[in-house]
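The chain below stands alone, shown as structure tokens; this is the form predicted alone.
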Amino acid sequence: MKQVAQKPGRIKTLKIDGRDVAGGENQVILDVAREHNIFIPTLCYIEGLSVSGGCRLCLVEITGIPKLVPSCTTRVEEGMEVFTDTERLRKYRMMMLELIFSERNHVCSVCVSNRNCELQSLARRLGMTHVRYPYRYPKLQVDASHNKFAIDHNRCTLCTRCSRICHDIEGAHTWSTMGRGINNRMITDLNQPWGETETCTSCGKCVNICPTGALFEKGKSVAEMVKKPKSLPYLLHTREES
């Protein structure tokens, strides 16, 4: 879903976790919650990029709707009653988080982004102490063909932030996905080695937006792998003005 900058629209009043809040009719629940300092976990969502709604960690409960709904794609409505932190949601989010860890080789102690990883921070904040599901331990490649950067598919969560920033802000369209289900993975230029792509501008935006150690800059130590996702709104504004 393309995130298009637009005015908030008419004001809608609603309740989030019992608090009376207000938001524009064009705003989604996640944005209104954040404006009122209400925490909803996210992994694929990031302000300034188009929305994928893929990680399912931002699901919320709405009175009158049996299923859980993604707060990043659901617009606020008048009289809506939203719950962001229920027992049902805590169990679902923990399951999703553990499945993300177990699907690939997310072992924090040997990761280049240890202590600078959004997935690790999220697990800590949500109280994850172990993974109940067996790790798949897939044998995935590390593409280090680029002269500055590398991608370790073992650390990738398929959040697609890299492809969206490459498309939405840099306009290079280098990154995309290939395959389905457990065989899905990020690729560059129709599955060419990253270092051989003709579209990559080597801007490094994809590396800075990656929430884990999947994309990293060569030659940097663990302590230096600090990323800068909060610079994106400025970059998007700059692109729109140019």
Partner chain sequence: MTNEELNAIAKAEQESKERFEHEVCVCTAAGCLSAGGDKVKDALTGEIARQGKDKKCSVKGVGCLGLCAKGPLVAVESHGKKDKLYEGVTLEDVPAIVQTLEATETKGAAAAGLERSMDEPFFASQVKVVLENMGKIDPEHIEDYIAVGGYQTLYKALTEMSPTDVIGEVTKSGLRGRGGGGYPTGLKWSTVAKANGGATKYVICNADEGDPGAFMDRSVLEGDPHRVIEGMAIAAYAIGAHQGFIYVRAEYPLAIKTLKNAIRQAEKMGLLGKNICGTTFSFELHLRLGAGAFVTGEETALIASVEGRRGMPRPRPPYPAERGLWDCPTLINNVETFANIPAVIREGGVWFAAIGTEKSKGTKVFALAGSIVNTGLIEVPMGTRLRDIIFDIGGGIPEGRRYKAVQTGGPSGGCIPEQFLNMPVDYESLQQVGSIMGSGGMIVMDETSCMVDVARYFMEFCMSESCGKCTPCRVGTAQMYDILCKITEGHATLEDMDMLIELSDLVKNTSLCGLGQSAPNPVLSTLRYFKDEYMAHIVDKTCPAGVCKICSPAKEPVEVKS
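Numbering follows the first chain given and starts at 1. Model, not experiment: these values are computed from the prediction.
This next part talks about the form predicted together with the partner chain, which is not shown.
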property: Of I46, V207, L30, L59, the one that lies within 4.5 Å of the partner chain in the predicted bound form (heavy atoms); result: L59
property: Answer option from R115, R124, R132, K148, heavy atom within 4.5 Å of the partner chain in the predicted bound form; result: R132
property: Any non-hydrogen atom of T197 within 4.5 angstroms of the partner chain in the predicted bound form; result: no
property: Partner proximity in the predicted bound form: V107 to the partner chain, non-hydrogen atom cutoff 4.5 Å; result: no
property: Contact flag, C203 vs the partner chain in the predicted bound form, heavy atom cut 4.5 Å; result: no
property: The partner chain contact at L68 in the predicted bound form, heavy atom, 4.5 Å; result: yes
property: Triple contact flag T73, M96 and G181 to the partner chain in the predicted bound form, non-hydrogen atom at 4.5 angstroms; result: yes
property: Proximity to the partner chain in the predicted bound form (heavy atom, within 4.5 Å), stretch among 47-55, 33-41, 210-218, 188-196; result: 47-55
property: Sequence-ordered list of residues in 73-104 near the partner chain in the predicted bound form, where near means a heavy atom within 4.5 Å; result: T73, R88, K91, Y92, M95, M96, L99, I100, S102, E103
